[in-house]
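Okay, here we've got a single chain as C-alpha cells, the form predicted on its own, with questions on binding and movement later.
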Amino acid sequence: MPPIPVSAWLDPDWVRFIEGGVSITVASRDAANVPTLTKGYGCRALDGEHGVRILVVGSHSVELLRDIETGGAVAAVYSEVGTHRALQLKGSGARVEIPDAADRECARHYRESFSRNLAALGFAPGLLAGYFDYADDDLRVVAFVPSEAFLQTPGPRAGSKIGSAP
C-alpha cells in the first residue's frame, strides 16, 4: 500500500492526540516475524509525505532499531492513560534517524505533558524521574509515513480502520 500524507486522514484532533502526553509504544519485527517493541518519548506529525517522527531511547531500543533498519515495518500505538482512548498507526519503509532540534524540543514537551497527565491521575510527581532518565544524545527517531490507522480504544469499534491509502 503506498503511503499517504498523515493530514489526509488524521483530523487535527488525532494529530493533537498523537503529539500530546499519551503513552506511545513502537513495534517492529525481525525476519522471522518475532516482534520487538519499545516506548516512545514524543511524536511529531509532519505535513505532506514526511509522516511521523517518534522519539525512542536508543540504548533501550537496540533490537527494535535493528529490525527497523533491516525490515522497515513499524506500528505505533498511542494511548491516553486516563481514558484508554487509543490509535494505532502502521507503515513500512521506516528509518532510524538522529534527532534534530525540533525533535529534542518535542521530547522536552512530551516529558512535561506526559508527567502532567499522570499527575492529574494522582501519580506522585517524582515517580516518573526514572522513566525519563536518559541522555539527550541517546535519543533516536523512528521516522515513517503511515499507510493505515486503526481505532484501538476498547469497545465495539476497537480495531476499526479509520484511514488508509486508497
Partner chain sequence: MSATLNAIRACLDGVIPAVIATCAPDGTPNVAYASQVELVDCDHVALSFQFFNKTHANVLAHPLATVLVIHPQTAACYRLYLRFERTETEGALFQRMKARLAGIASHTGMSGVFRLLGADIYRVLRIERIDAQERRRQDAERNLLPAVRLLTQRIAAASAMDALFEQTLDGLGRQFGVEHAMLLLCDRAHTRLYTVASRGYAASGVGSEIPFGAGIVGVVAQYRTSIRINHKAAEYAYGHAVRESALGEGAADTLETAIPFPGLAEPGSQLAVPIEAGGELLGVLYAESAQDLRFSHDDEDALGAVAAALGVAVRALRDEADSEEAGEPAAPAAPAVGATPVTVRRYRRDNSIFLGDDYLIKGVAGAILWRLLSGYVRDGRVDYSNRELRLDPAIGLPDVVDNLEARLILLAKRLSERADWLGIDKTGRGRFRLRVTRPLRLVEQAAG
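Please read all numbers here as calculations on a predicted model, not as lab measurements. Numbering follows the first chain given and starts at 1.
Another form, the form predicted in complex with the partner chain, is not on view; read the next lines as being about it.
Participant: Would residue 73 show up as a contact with the partner chain in the model of the complex if we use heavy atoms at 4.5 Å?
Facilitator: Result yes; residue 73 sits at the interface with the partner chain in the model of the complex.
Participant: With heavy atoms only and a cut-off of 4.5 Å, decide whether residue 101 touches the partner chain in the model of the complex.
Facilitator: Heavy-atom contact with the partner chain at 4.5 Å: absent for residue 101.
Participant: Taking heavy atoms and a 4.5 Å cut-off, does residue 77 contact the partner chain in the model of the complex?
Facilitator: Result yes; residue 77 sits at the interface with the partner chain in the model of the complex.
Participant: In the model of the complex, does residue 29 come within 4.5 Å of the partner chain, counting heavy atoms only?
Facilitator: Answer yes; at least one heavy atom of residue 29 falls within 4.5 Å of the partner chain in the model of the complex.
Participant: Let me know which residues along 97-128 have a heavy atom within 4.5 Å of the partner chain in the model of the complex, or say none if there are none.
Facilitator: Going through 97-128 in order - heavy atoms within 4.5 Å of the partner chain in the model of the complex - the hits are 123, 127.
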